[in-house]
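In the block that follows, a single chain appears as structure tokens, in the form predicted on its own.
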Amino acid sequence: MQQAPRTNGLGRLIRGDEVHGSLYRDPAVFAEELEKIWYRIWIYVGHESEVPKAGDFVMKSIGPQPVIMTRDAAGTVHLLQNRCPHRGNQVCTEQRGNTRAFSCPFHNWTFALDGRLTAFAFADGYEGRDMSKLRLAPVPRVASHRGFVFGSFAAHGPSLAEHLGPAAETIDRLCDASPEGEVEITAGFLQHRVKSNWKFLTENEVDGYHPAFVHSSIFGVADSGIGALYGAKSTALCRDLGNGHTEIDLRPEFRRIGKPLGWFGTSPERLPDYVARMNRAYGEEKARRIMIDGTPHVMIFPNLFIAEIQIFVLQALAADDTVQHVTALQLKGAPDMNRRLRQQTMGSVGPAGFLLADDSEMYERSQRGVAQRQPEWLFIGRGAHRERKDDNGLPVGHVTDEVPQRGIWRHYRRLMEAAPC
């Protein structure tokens, strides 16, 4: 196994269009990533629709750290760390449910849905002490955009709006595909675990170079036309949205074809109720434009992948261990569309799905590959000579280029070389 170059930082491990293989496999690098990325910046945690009623809770995570997402009686969503302040016991062991309070099974301390300590056994043992600070620790910062809830373990830092930047528009675009302007996460999650570094997944979600080869079998069998979107003659783009956020923008191809719902492999005649609702909500002209453009293909750094018809939430557990939590997107007010979204999600990324199996094999092969001695450096320079700026000043390239990968690594380097908070 090759050794990483001696360095006082990560600067010499990332050099323009090359990254050192040790960044994917070194446990020390992963430990540093937890502190400088996963426990510092905004991380996607869950969606408000997962806790629709007062008392609802669901277990989530920020990297390896479990987090309880709750909704209190006032309707506020909270993110709580699952650790009793008394002796460290976990207060919640259910994946989801509805409750009035959390009680620690060890010594019966009881906590409200916002984490406040409300009761404790044999109170005379604490006479004269201020117990108000003994609570379930909240995630210091919580914010949401169009129902997508993010949390940060850092008490101070850029706002969520600053973190998302131009990527916020892609979430808006997704929500606009609903006649009520909202998505719902109600279809339940599948969990896929791969023996691979999380960054291989983050890079691959916006890699337009691989689909024609890795997914050629399913594209051929399904005769879906998706393969052509990632071909040499495609007009589709890839884009660096800044702050590590990246996208594959298929709209140029969909607009060239000009067929409403063509992005979904269907036609207005097959989803008449959805089309009628969209026309009523937006007017026929805007609805047609939305239904031609389709939903986004965007990676919100570091862990939220909106993949047109589903979302993936990446959970980094170790340098070579990542869990993908995946569910079908549901568009509020679109029952006929939602049924097909669930069906297509199961066919592509379900237990017997084709696409995720293809990708998972590549992730694990890459992880085994970076354990080899040579070559030490991985090359991500495809399309650098034709990279340009779009009308908004954002770097773009052909859909098969590695503009997103270079953008991810530039931001990664900034985060990892930043001074401690």
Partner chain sequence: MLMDADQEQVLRQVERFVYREARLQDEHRYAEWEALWTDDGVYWVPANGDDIDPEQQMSILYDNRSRIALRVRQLLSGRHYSQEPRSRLRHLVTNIEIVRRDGPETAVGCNVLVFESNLRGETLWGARTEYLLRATGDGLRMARKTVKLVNNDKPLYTLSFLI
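Positions refer to the first chain, counted from 1. On a predicted model such as this, the values are computed, not experimentally measured, just so you know.
Keep in mind that the form predicted in complex with its partner chain is missing from the display, and what follows is about it.
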Can you check 340 to 348, 253 to 261, 200 to 208, 71 to 79 and let me know which stretch has heavy atoms within 4.5 Å of its partner chain in the predicted complex? 340 to 348
Select from the listed residues 167, 328, 331, 306 the one whose heavy atoms reach within 4.5 Å of its partner chain in the predicted complex. 328
Would you mind picking the one in 376, 390, 361, 32 that has a heavy atom within 4.5 Å of its partner chain in the predicted complex? 361
For the three residues 188, 216 and 368, verify that every one has a non-hydrogen atom within 4.5 Å of its partner chain in the predicted complex; reply yes or no. yes
Does any part of residue 277 reach within 4.5 Å of its partner chain in the predicted complex? Heavy atoms only, please. no
Tell me, yes or no, whether residue 39 is in contact with its partner chain in the predicted complex, where a contact means a heavy atom of each within 4.5 Å. no
Close approach of residue 135 to its partner chain in the predicted complex, 4.5 Å, heavy atom: no
Please tell me whether any heavy atom belonging to residue 131 falls inside 4.5 Å of a heavy atom of its partner chain, as the geometry stands in the predicted complex. no
Go through 190 to 206 residue by residue and record those having a heavy atom within 4.5 Å of its partner chain in the predicted complex; state none if no residue qualifies. 190, 191, 192, 193, 194, 195
